[in-house]
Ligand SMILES: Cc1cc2nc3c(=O)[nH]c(=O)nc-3n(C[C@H](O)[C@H](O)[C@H](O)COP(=O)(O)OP(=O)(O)OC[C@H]3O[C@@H](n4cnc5c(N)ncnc54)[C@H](O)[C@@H]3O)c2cc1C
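Shown next as structure tokens: one chain only, the form predicted alone.
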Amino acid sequence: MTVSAPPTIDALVDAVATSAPAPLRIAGGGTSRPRSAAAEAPGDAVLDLCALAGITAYDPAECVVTVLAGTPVRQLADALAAHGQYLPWDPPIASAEATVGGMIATGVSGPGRYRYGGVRDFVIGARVVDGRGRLIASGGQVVKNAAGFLLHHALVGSAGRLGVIAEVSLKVFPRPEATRTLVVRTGSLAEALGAHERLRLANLDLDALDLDAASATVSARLAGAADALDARADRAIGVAGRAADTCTGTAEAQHWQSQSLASWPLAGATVKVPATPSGLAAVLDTLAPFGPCRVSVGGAVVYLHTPQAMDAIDAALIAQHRVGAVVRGTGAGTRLGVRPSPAFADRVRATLDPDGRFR
């Protein structure tokens, strides 16, 4: 096994080109996939991207930032915060070690996706090194319409199968003036689902709406003008039909951290399963026997954390005609459930990685 840690894009291109035809495993901060997993096969070449870090361009007036893939997400968030801006999709594993490239490759968005869209909606350009060591640019550093195949969008959730992400350009948003989170604790999952549905259907302009199935707790976040939050919160509590704890500031940040994927241990696996609000109860019935579940994006996705083997979960999803993917922990990047036809994806991979180097 050989390990290289290129500090520049030119060095990354050279590392990929000169390591051919050895299989390549990409190592980031180790917060989604254990770094030890990169060394499972002794003959593989490992690319450690943590040295490829830094913000290469940032125009706060245009709300666009370009950053190298090994940059810690926390470092990027701090740089944006200095200008009153943020990543509105709430990267759920924005620990000190999580990297921007890993955030893109994993493709997982946090509760902010409910109002603003997911990480794919904010990637406007990227540079990626393919399996032959060619540097390919897609998109750009300005927000504009584009036609044709958008490689920078395909990288989101690709789990490193298409190439080595070297640099990405993101659009960002101004941080809201104030936020407030309502925590509705109920006595059963059925009651929690009822409160969740009432909040979802009401015209409340919620910033986020999540549900923790194990504790039967609904979390609803409001954001905007500070002087309007009291009235908006009172209306939301009335819609929920239950008493609610209200948190702001540090307590609010701690609450959402406790509900994020990062609060689950890296041991085991975190599985993402798309859902719909109308089918939410059925998805939870399928997944709950395997471990604790959390609902995010107003019922559009369910996350399961489990120590169990993927074969049983795969079979359960297939039986319910559902799809899923391991997004964190052991087997990160593994597809589960009903597999769509891979023909198009196979053609893209064959073009970018004709030798099948990326694992």
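All residue numbers are counted from 1 along the displayed sequence. For clarity, every value in this text was computed on a predicted model and none was experimentally measured.
The form predicted together with the named molecule is left out here; the points below concern that form.
Although the partner is absent here, residue 103 lies within 4.5 Å of the named molecule in the predicted bound form, judged by heavy atoms. Although the partner is absent here, residue 218 lies well away from the named molecule in the predicted bound form, with no heavy atom inside 4.5 Å. Among heavy atoms of residue 152, none comes within 4.5 Å of the named molecule in the predicted bound form. When contacts are judged by a 4.5 Å heavy atom cut-off, residue 26 counts as touching the named molecule in the predicted bound form. For the three marked residues, 49, 98 and 163, a heavy atom of each sits within 4.5 Å of the named molecule in the predicted bound form. Across the options 75-83, 184-192, 210-218, 164-172, residues that bring heavy atoms within 4.5 Å of the named molecule in the predicted bound form belong to 164-172.
With the partner removed from view, the residue among 236, 124, 159, 275 that has a non-hydrogen atom within 4.5 Å of the named molecule in the predicted bound form turns out to be 159.
Taking the named molecule as it sits in the predicted bound form, the stretch 290-305 comes within 4.5 angstroms of it through a non-hydrogen atom at just one residue, 303.
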